[in-house]
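Okay, so here's just one chain, in structure tokens, the form predicted alone.
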Amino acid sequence: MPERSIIQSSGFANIGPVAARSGFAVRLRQPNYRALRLSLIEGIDITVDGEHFAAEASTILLNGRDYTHAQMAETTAIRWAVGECLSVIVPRSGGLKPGVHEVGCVLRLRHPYFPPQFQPAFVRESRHITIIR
């Protein structure tokens, strides 16, 4: 069951073998009250200890499948369900050092029923979470 926070404490992990980390993953809970088509996610920016990682450089892992930012824009049949988590896979040579990090996210979401002048809607959150290894 996902935590109340959008940024989940589980799933925050380095990617790749210990000697050759290629990045890290941040797991996020769906923040909306109803499912979102992937095409309605304009991007998810991640910040770790003040270092910004733009959405366009990351990929999204949802239900075992990776999506680039460009693929998400074209994906109208796949939905991010309420109560479901996805992982943002951030490329970063060497990954992150084990320990506590301040992790932030900014989700840029479009809602088809909002007037264009109110698009995208921003969902921001940050919290301290620990990466074990």
Partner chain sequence: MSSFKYGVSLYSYTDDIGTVMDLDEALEHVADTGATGIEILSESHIPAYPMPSTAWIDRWFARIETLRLVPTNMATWVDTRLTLTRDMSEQEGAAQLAQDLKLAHRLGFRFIRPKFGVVDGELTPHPIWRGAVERVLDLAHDLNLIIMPEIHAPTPIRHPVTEAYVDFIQKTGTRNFGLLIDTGIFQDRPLPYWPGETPEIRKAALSFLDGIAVPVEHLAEVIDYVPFIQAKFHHIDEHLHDHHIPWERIVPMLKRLNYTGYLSSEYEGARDPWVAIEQVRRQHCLLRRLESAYDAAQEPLHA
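Fair warning: this is a prediction, and the values are worked out from it, not measured in the lab. Positions refer to the first chain, counted from 1.
Below, we refer to the form predicted in complex with its partner chain, which is not included among the displayed structures.
Is residue 65 close to its partner chain in the model of the complex, meaning a heavy atom pair under 4.5 Å apart or at it? Output for residue 65 is no: heavy atoms all beyond 4.5 Å of its partner chain.
Contact of residue 82 with its partner chain in the model of the complex (heavy atom, 4.5 Å): Judged by the heavy-atom cut-off of 4.5 Å, residue 82 is in contact with its partner chain in the model of the complex.
Test of understanding: in the model of the complex, would residue 29 fall inside 4.5 Å of its partner chain by heavy atoms? Heavy-atom contact with its partner chain at 4.5 Å: present for residue 29.
I'd like to know if residue 93 sits close to its partner chain in the model of the complex, meaning any non-hydrogen atom pair within 4.5 angstroms. Residue 93: no, not in contact with its partner chain in the model of the complex.
Which of the residues spanning 15 to 49 lie within 4.5 Å of its partner chain in the model of the complex, based on heavy atoms? 29, 33, 34, 35, 37, 39, 40, 42 sit within 4.5 Å of the partner.
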